[in-house]
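Take a look at this one chain, the form predicted on its own, written out in structure tokens.
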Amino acid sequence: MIEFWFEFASTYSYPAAMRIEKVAGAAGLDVVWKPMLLGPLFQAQQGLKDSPFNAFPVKGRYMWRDLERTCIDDGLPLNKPAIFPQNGLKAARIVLALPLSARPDFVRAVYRANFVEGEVISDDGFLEGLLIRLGHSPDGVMARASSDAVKAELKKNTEEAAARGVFGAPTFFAPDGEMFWGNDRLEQAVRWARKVKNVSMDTKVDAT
């Protein structure tokens, strides 16, 4: 098992979301998809009310070129969104309102909409249309996404991320709590998680 903590506004979470199941699956690991909000973390930890890539333009210019190179390497399309960062609050709540098995496809579709298709991912019409395209009843999902329980779960995720030392996305956690930050650390995180899994299995064998 490997935990994937992501935020829909996060640029590097886009390529990570598109490839994590393949990378983790090849290592025999399941993926736990954990949406969170970076805004509260940035404000609490760094005093920022905007993305660091906007607050520090030189960093932002580098990031967009680096993301372009990364997507070329991974065979992924990329179109810089007109709005950055986009508000992913509603989409994150929808993730938590969906069954576990349906979450990966929805997450990937939202990332494509944000970083390829130029959609406004906070728009209710877009989100409802996406749910229909993926075979879900939009009324039911949107109602669950607006419930107090889902709102509380997303808030809890964000608070848990902060408590565990998360400061950006994507972030990965191995079963032993080891944290890895960044799309370029995905393979390392998977190797670590697989090692932990194998050690755990060996320990169980020895105990019997």
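Position 1 is the first residue in the sequence shown; the rest follow in order. Just so it is clear, the model here is predicted, and its values are computed rather than measured.
Absent from the display: the form predicted together with a further copy of the same chain. The rest refers to it.
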| task | Work out which of the listed stretches, 131-139, 68-76, 88-96, 108-116, brings a heavy atom within 4.5 angstroms of a further copy of the same chain in the model of the complex. | result | 68-76
| task | Using a 4.5 Å heavy atom cut-off, state whether residue 147 contacts a further copy of the same chain in the model of the complex. | result | no
| message | Considering non-hydrogen atoms and a 4.5 Å limit, does a further copy of the same chain approach residue 59 in the model of the complex? | response | yes
| Taking 4.5 angstroms as the cut-off for heavy atoms, does residue 187 touch a further copy of the same chain in the model of the complex? | no
| Using heavy atoms and a 4.5 Å limit, would one call residue 165 a contact residue for a further copy of the same chain in the model of the complex? | yes
| request: Consider the chain as shown here, without its partner, and state which of 50, 178, 30, 159 has a heavy atom within 4.5 Å of a further copy of the same chain in the model of the complex. | output: 178
